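Consider the single chain below, provided in structure tokens and representing the form predicted on its own.
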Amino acid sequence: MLQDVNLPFGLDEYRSRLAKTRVAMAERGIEVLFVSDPSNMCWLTGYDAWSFYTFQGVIVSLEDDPIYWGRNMDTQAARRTTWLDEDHIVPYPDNYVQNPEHHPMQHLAEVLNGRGMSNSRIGVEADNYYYSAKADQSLRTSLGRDDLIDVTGLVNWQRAVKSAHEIQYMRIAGSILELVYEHIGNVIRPGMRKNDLVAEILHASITGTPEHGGDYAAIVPLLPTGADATASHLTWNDAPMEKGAGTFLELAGCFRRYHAPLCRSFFLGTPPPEVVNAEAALVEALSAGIDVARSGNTAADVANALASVLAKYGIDRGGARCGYPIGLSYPPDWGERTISLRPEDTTVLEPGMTFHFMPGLWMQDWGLEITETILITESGPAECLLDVDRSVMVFD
């Protein structure tokens, strides 16, 4: 490890993560794994930089330390944020960047060949945001083989159960977001421009707590109003917020790249009966789902408990999933892309798993979101990592 690197975790934890990954590799018959998801890169090595807009990755073998491979100008970030030594930081020249004549995967093939790995059983994360069809084609062509193995999610699944240190970071992220919601309640008012509210949210999110500053979240603030709230992923504009309309807030606190999302809703004026009914349904359904989110139960059990309560109120979400695992992440998503809280997913819940329990309602003319970040505990129901009133915030 290079000197003066301030790792967020001890070297023993990184070694443990690497060992878990190697066991999973061996089970799949993988001898060399190319990890291109920046969340997985960070989880394995500590690498943390806004460099995922160019091709980069971590090469994991069954014996040697991982290798960071990336653009030459980003190798200094590897020296400043990872536990890898100089022999395991490998650059490619800048003439490979966004050059139709030279793809970075050609250079990666040279690295694999030079390290005696090109004839190994190689796994790639074929279905993620950072590994394109062109990249896959170029790597196969450059290696002269067409038998690369898709192991998308292999590392992600090793991240499902969080360490005590990871959970500590998520609690800190949650404490940051609690203050954000408190600040929102203090500043929001009819006529306020939506972008001005977002400015307040971002300022509070990064300011954090007196003890801990905030990091940037993997998803920007989402807060559509009125009819726009029928769409689940709209951001903001500069229009003033008017009375007689509801808005949901989908936000996350973030610390050391660990996320704690939480959604709440507010209404300027008096909420109509359908919103009041939906609020009561969601609050009761969340409690029911949290109660069955226990070690030994399944992801499906949580989804079914939620759906059963919503059905009493005449609400059918149409089989949409109501949650997903969260933790360490980079844009464009704070989910871990493994387990889904839905009726078809029979994954058994284990202590240390963390989820965004997220049963949003997007109706014909309005939308409502009330969610929780939950931790599966050793015994009893899941623990909510944030303490923010679930009621719809009403402002006159």
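Numbers for residues come from their place in the sequence shown, where the first is 1. Since we're looking at a predicted model, the values are computed, not measured.
FYI, the form predicted in complex with a further copy of the same chain isn't displayed, but the following is about it.
With the partner omitted from this view, the residue of Val275, Ala199, Ile184, Ala288 that lies near a further copy of the same chain in the predicted complex is Ala199 [heavy atom within 4.5 Å].
Asp74 is the sole member of Glu279, Glu166, Asp301, Asp74 with a non-hydrogen atom within 4.5 Å of a further copy of the same chain in the predicted complex. Only one of 240 to 248, 107 to 115, 261 to 269, 188 to 196 places residue heavy atoms within 4.5 angstroms of a further copy of the same chain in the predicted complex, namely 188 to 196. Proximity of Ser295 to a further copy of the same chain in the predicted complex falls outside the 4.5 Å heavy atom cutoff.
With a 4.5 Å cutoff on heavy atoms, His103 counts as touching a further copy of the same chain in the predicted complex. Not displayed here, a further copy of the same chain is approached by Gln98 to within 4.5 Å at the level of heavy atoms in the predicted complex. For Ser51, a non-hydrogen atom is located within 4.5 Å of a further copy of the same chain in the predicted complex, even though that partner is not displayed. The three marked residues, Phe355, Thr377 and Glu383, fail to reach a further copy of the same chain in the predicted complex, with no heavy atom of any inside 4.5 Å.
Of all the residues from 221 to 260, those having a non-hydrogen atom no more than 4.5 Å from a further copy of the same chain in the predicted complex are Leu222, Ala227, Asp228, Thr230, Ala231, Ser232, His233, Leu234, Thr235, Trp236, Asp238, Phe255.
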